[in-house]
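Before any questions on binding or motion, here is one chain by itself as structure tokens, the form predicted alone.
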Amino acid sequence: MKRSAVRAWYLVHKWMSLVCTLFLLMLCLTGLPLIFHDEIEAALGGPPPLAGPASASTAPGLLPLDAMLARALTERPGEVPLYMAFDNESPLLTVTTGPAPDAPEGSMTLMLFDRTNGQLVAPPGEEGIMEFLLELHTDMFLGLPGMLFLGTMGVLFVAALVSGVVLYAPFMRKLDFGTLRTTRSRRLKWLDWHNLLGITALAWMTVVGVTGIINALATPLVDQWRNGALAEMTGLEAGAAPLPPARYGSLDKAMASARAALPGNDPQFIAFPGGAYSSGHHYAVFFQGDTPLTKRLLTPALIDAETGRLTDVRPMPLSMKALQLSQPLHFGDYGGLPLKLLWAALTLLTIVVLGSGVYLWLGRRHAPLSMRLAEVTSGGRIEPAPSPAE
């Protein structure tokens, strides 16, 4: 590689890393407990597991959906339903309400019910440390601007990874893989650790970085789906006035129509009219498959909320499928506790890579650029001169 190319890639790696490091450290520290959110919530006294048939099923003993919705609205008088979500392993059913069909997330109330007896499992409005960490991790309490900002930090992170890989080749040209020169200077020791841990966790960091960027674009992607594919599904009703909640028809009738259109699938959630995942006139029932992959890919069935008549069923576009696959992959939710432990270990490695990068920059930030480039091309045999503060 020519010296000019090494110089360009070095500067890209340096500045992309420095700009995003502080935010990546925050994302690692908040993401680490979020990996184990189920275990932590259970340890903090969360709702105990419920025994019984899955709320997503049609098993005997489950209360009608209309009865569950009425039960939820008695807890939040004056509000309207926004979402109803199901569980494939227990009778747990969640209902989200708000003051209006297009209520912002901050004014929504999530309630958990047992569908076998209609009892409230968790009181409305209960929030904890995990919700705080999730919002900090997702948008830093800034909404869409915060999400887009963190998405930009993700782009810088991926650029830092690519430039780091490019610089790894000339640095390791005369060294064996995994070389750790622990008897040399402290700087060289940490440079070797930085390179070894970085290349070891490279694939994982790339996956988490790219999925983080996609997740940051969730709102624009959903808007694109609403204005494109969903508008096509609603057809002539797309421009009609929203249906008032008093005219919402039977949920059980709507669910029966949706199940008939997608036999063999189980519902994951219902989006009520007026929300981000539906139109102003329809119940959108989102179904999931029964394999580890198809469980993450949702197919919406659009039901006229007043008549219960099926309007349309069609797969999500590619952009929404990418979003649906990215969300669980980002937090390691695919493979149970073993995968969570692996995700946590790789997160810790990333923290060490980020911290060692800052340490290496602070130690030689006053050294001439030519010396730092010589360090790269010589595999650390030529080290930059110490800064005056050292």
Partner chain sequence: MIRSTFALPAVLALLSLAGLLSALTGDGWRDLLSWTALSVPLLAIAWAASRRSPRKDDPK
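Residue numbers count along the first chain shown, from 1. Keep in mind the model is a prediction, meaning the values are calculated, not measured.
We do not show the form predicted in complex with its partner chain, though everything after this point is about it.
- Residues within 4.5 angstroms of its partner chain in the predicted bound form, judged by any non-hydrogen atom, belong to 290-298 and to none of the other stretches in 145-153, 272-280, 290-298, 78-86.
- The listed set 54, 67, 339, 32 contains one residue whose heavy atoms approach its partner chain in the predicted bound form to within 4.5 Å, identified as 339.
- This chain is displayed alone, yet in the predicted bound form one of 194, 71, 184, 259 has a heavy atom within 4.5 Å of its partner chain; that residue is 184.
- Contact between residue 346 and its partner chain in the predicted bound form is found at the 4.5 Å heavy atom cutoff.
- Its partner chain is not drawn, but in the predicted bound form it has no heavy atom within 4.5 Å of residue 314.
- Not displayed here, its partner chain is approached by residue 200 to within 4.5 Å at the level of heavy atoms in the predicted bound form.
- Among heavy atoms of residue 241, none comes within 4.5 Å of its partner chain in the predicted bound form.
- Heavy atoms of no residue among 100, 105 and 108 are located within 4.5 Å of its partner chain in the predicted bound form.
- For the partner-free chain shown, 203, 204, 207 of 202-220 come within 4.5 angstroms of its partner chain in the predicted bound form, judged by any non-hydrogen atom.
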